[in-house]
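The chain below stands alone and is given in structure tokens; this is the form predicted on its own.
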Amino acid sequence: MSGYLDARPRVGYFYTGKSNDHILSDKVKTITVGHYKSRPVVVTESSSVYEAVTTMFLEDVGTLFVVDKLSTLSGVVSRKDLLRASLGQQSLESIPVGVIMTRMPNVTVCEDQDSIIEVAKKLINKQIDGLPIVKKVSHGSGYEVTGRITKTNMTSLLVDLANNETI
């Protein structure tokens, strides 16, 4: 339904009183992160900074998620982190990503069922490009990375809303 009319048993159809703005707002509030997530791009803690730069370039992403030997999220590496590491005199092949990454628990995360609006607020407030979408691991106290949500995903949602193509 378009949102202008609603139906109830023994009453029939009736006007909801909602404007276009209210209908759009209600529609956006029902969208979860899982609807617009992307495939995560992951490196291990022992990967070199050179490997991370190469992966970031080949995958065309701005953030890499770092996992430990158990594939549990241990940190995040951004373009700025990699640029900062490359400014020194040390060889990029000799520096492990684990040294320059932002470590857990300082990483902001979200889950599939989180509201896209709440996650957008996190991206804005933290001034970051993307968040890992995670789920609790059964074998410990960490998180498994299941996806990513980025500013590009948010832009895709905006375009879909403008074209009335949202899920």
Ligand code: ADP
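From 1 onward, residues are counted along the sequence shown. Here the structure is a predicted model, which means the values were calculated and not measured.
There is another form of the same protein, the form predicted in complex with adenosine-5'-diphosphate (ADP); it is not shown, and what comes next is about it.
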Legend entry - Proximity to adenosine-5'-diphosphate (ADP) in the predicted complex, single hit among A52, L131, V66, I116 (heavy atom within 4.5 Å): L131
Legend entry - Selected contact from T44, T30, T108, S38, since only one has a non-hydrogen atom within 4.5 angstroms of adenosine-5'-diphosphate (ADP) in the predicted complex: T108
Legend entry - Stretch in contact in the predicted complex with adenosine-5'-diphosphate (ADP), which is absent here, among 44 to 52, 121 to 129, 30 to 38, 134 to 142 (heavy atoms within 4.5 Å): 121 to 129
Legend entry - Interface membership of V76, adenosine-5'-diphosphate (ADP) in the predicted complex, 4.5 Å heavy atom rule: yes
